[in-house]
Each structure stands twice: as structure tokens, then as C-alpha cells.
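Only one chain is shown below, in C-alpha cells, and it's the form predicted on its own.
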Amino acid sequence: MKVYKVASIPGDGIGPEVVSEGLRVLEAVARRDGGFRLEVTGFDWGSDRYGREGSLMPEDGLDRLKSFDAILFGSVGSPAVPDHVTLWGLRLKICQGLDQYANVRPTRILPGIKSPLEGVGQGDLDWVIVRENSEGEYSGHGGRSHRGMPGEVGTEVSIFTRMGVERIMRFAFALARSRPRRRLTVVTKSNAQRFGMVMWDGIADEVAREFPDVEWDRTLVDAMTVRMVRDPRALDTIVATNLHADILSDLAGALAGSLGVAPTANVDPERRNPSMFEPIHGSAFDIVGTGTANPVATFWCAAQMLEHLGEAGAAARLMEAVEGVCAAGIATPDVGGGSSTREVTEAVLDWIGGSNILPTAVGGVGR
């Protein structure tokens, strides 16, 4: 039997709530499959640790993570700690430190969930956004001087390297090739950002020649927001810079019904280091402890993790359970349901276990 070592970093806010439910579902899928098991190690890294010890993770944290096959991450961010401290002290430190340079964010409208776009239903919006995850606008270069003075200066330097752009373009073109439509949209802003983004465009042209079977186009990021809202059926695979894809993927999650159902994978495609899987909804302190956090994004992340580990069958079974439960109307309030976090989890566990009847949801039906 295969054994996969998984690091669990629940983090802040609702992170511990959804990660604990995600681990229950993963254990159930592993039992159902019978061909593998998960060996999970938890880490209490996050804002509470920062309050106690002055850092969100220990100095040897990256070295400790390298021994794992995958990482399940909850969220980071707390009202008690500045956002730039938490983000750079944990999530970005892991992503950049382990060179998880491809951030993969699938977006589609799940059964039973309504998009805010009129006339757009299941099957009309089915995208994968690929985000360059190691450089660009989040390179961490810049500084401040003359603080508090009238001439105070703050700089934030975007860095685009040929290696970084080439590898994310090849990853995105290859991903587009693997999908039925074989279509890629490259997002840019080269009309205003005339150096790094012009290089981005030029390298996209070069890499495209290696993938003659992939239809592709290029669009400005501002125009992309309009296309996503007005013509979602025209899009399939999308590649964008660290900042642009960060923003576009939140829009994508909202158009699919809620950020509570939006997953992401921070991937090292060369598999030199473990990849990290996380819901994109953030720490959501406004609903902590209410029992209403949506666990679906975490379940979808768990399916991404299983697929990355080579357990495609188990990943498919998990997503079948998630979609079946959503179709039955068993959902949290953010997507119009009346069920709790635990009730959604129990329904998914019932489905994985082969139950013929799902609990009746508020406003929903059984299986």
C-alpha cells in the first residue's frame, strides 16, 4: 500500500475549520480506495504563532516541508497582524521557497450552484487560470525611504525573467493542450507596461510555436474582465502574471457562485518539492465559529492533491461526491443553502461511503 506524507497547515480564521473537514474526507476516500493511505502531520504555523514567537513559521520550516509529498493549507491573515506580514511570512514564503511556480485555479459552476451571471449555467463557465507564482509583481523587491517626510518614497519592482516566463507559458500551453478545447488566452498589459510585459508577450509568441495544435489569443487584463463577464463561454485556459491572475481568479470564483467553492494548487511541476493545495477564500474572520464556512473549496483542493499524487481515481470519486452533494442542495449560506460546514461534510462522507440516500437539505432533495 502506498503511503503519502501530507503536511497540514490550517493557518488562521476558518482555515482550521475547513482543513479539519478536508482531512476527514481525504481519510474516507483513502479507505474507500484501499490502495493508499495518508500520513498527516499538523503544523500550528500562522498568526497565533506570530503572536507567541514573533514568526509565522520556524526558520527551518521549508526544510521540514521538503520531506512531505504534499501540503494542505487553510488560510493566512488576521486582524491582529498586518496583511503583508502574514502573507510574506507564510504563504509566499512557502510558495517561493519551494519554487511552486505554477498556481492552478480551476473554475466551473458546480451542480446546484447559481452564477450571478444571467443565463449562464453549468457547462457555460469552465476555466482553468494559470498564475505565474514565483516572480512578477510579487517578487518582493523594492523599499521605502524618507519615512514620514513629504518626500517619502515607496517602490515595488516587478521582475520578469526569461526563465520564469518561459516555464509558465510552457506549463499553460501544455495544460491547454490536455483539455478538450485546446484553447489558451494569454493576459497582458503591454500597452502600459512596456518592458516586462512586452517581454511576456514576446515569449508567449515564441512558446506558442512549440504548440501548433493549441489555438491561442492575447488580451489586455482590463479587457479580460469584460470578456469573463460578457462572454464566459469563449474562454478556457488562461495564463496571467502573479498580480493579474490573483485578481482575475477572485473574479472567476465569484462568477462561479462563491469564493467558498474556489480551489487552487501551488505546483512545482518538476516535483523537486512538495506542492501545496489551498482554498482561495481567505481566513474570513467574520464567520469564524459560526459553523457556516464552505468546505467545498477545500474538498476540491483535496481532489487536486490526490490527482497530483497519482490517485486520479480517488480524486474523481471525491469530486463526484462533492458535485452530487451540491446538486442535492446541501450547501452553506454563501451559495444560497441552509446547511452547516459539518452537514455538508457528513453528506460528502455519506456519498463516498456509498449511501443510497443523502440527508434532506434545507430547500434541497436527497440523492
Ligand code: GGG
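Note that residue numbering begins at 1 and tracks the sequence as displayed. Computed from a predicted model, the values in this text were never measured in an experiment.
The following text describes the form predicted in complex with the ligand, which does not appear among the structures shown.
Undergrad: Consider the chain as shown here, without its partner, and state which of R91, R108, R167, K189 has a heavy atom within 4.5 Å of the ligand in the model of the complex.
TA: Going through each option in turn, the one that passes is R91.
Undergrad: So which of I280, V104, V120, L175 gets a non-hydrogen atom within 4.5 Å of the ligand in the model of the complex?
TA: Comparing distances to the ligand in the model of the complex, the residue within 4.5 Å is I280.
Undergrad: Would the ligand be touched by all three of R317, A328 and W351 in the model of the complex, meaning a heavy atom each within 4.5 Å?
TA: No, none of the three is in contact.
Undergrad: Please pick out the stretch from 280-288, 216-224, 203-211, 144-152 that is in contact with the ligand in the model of the complex, where contact means heavy atoms within 4.5 Å.
TA: The contacting stretch here is 280-288.
Undergrad: Taking the ligand as it sits in the model of the complex, is D236 in contact with it (heavy atom to heavy atom, 4.5 Å or less)?
TA: D236 lies outside the contact set for the ligand.
Undergrad: So, in the model of the complex, is Y138 in contact with the ligand at a 4.5 angstroms heavy atom limit?
TA: Yes - in the model of the complex, heavy atoms of Y138 and the ligand come within 4.5 Å of each other.
Undergrad: Contact between V76 and the ligand in the model of the complex at 4.5 Å, heavy atoms?
TA: Yes, V76 lies within 4.5 Å of the ligand in the model of the complex.
Undergrad: Is it the case that R131, even though its partner is missing from this view, gets within 4.5 Å of the ligand in the model of the complex, heavy atoms only?
TA: Taking the distances in the model of the complex, the answer for R131 is yes, it comes within 4.5 Å of the ligand.
Undergrad: Using a 4.5 Å cut-off on heavy atoms, which residues of 245-276 contact the ligand in the model of the complex?
TA: Contacts from 245-276: just D246.
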